[in-house]
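Heads up, the chain below is alone and in the form predicted alone; it's given as structure tokens.
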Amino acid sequence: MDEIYIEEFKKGTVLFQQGDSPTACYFVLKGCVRQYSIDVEGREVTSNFYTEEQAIAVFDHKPDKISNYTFICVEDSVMVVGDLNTEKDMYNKHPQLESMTRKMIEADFAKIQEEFAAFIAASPEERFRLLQLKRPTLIDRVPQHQLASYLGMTPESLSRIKKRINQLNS
């Protein structure tokens, strides 16, 4: 694999699965990728969606480097792909890349902390309203059962919330 290249992925393509050791990182130029895991009861639990201008990387420094998540394309996608095995060489060759990557990770981490705190404190309806405000395109791009899982509710609850909000806005 070259250091970095652009690749197209079809809807349904699995980038890597829960239990795999990832060998690449990704930056979404176009499309949508879902992050999920299978819980102890065998249910898929969606924990994130990555869309345009978002990076996908597993920062798990366990000795086995095994991912706790599966990443799958929800749409046809175009991504920049980087080989994790050449990461250190690339940073040595392009020092500004390491600084740029660190700044991007720090910004993402701060955003994730803020969103997690808001998610925990919010009711299911407030979670949906936050999604409408912060990531409105996901509502039409992602299957409703996956969106419901991401919001921590059942598909039926999501349906009722959407209906109630639509009635209020009519």
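This structure is a prediction, so every number in the text was calculated from the model and none was measured. Each residue number is its position in the shown sequence, starting from 1.
Omitted here: the form predicted in complex with the DNA. The next part is about that form.
Asker: How about Gly19: is it within 4.5 Å of the DNA in the predicted complex, going by heavy atoms?
Answerer: Gly19: no contact with the DNA in the predicted complex.
Asker: Spell out, yes or no, whether the shortest heavy atom distance between Pro143 and the DNA in the predicted complex is within 4.5 Å.
Answerer: Yes.
Asker: So, in the predicted complex, is Ser123 in contact with the DNA at a 4.5 angstroms heavy atom limit?
Answerer: Yes, Ser123 sits close enough to the DNA in the predicted complex that at least one of its heavy atoms falls within 4.5 Å.
Asker: Using a 4.5 Å heavy atom cut-off, state whether Lys10 contacts the DNA in the predicted complex.
Answerer: No, Lys10 is distant from the partner.
Asker: I need the one stretch from 124-132, 47-55, 22-30, 106-114 whose residues put non-hydrogen atoms within 4.5 angstroms of the DNA in the predicted complex.
Answerer: It is the stretch 124-132.
Asker: I have Thr154, Ser157 and Lys163 flagged as a candidate spot, so tell me whether each of them has a non-hydrogen atom within 4.5 Å of the DNA in the predicted complex.
Answerer: Affirmative, all three are within 4.5 Å.
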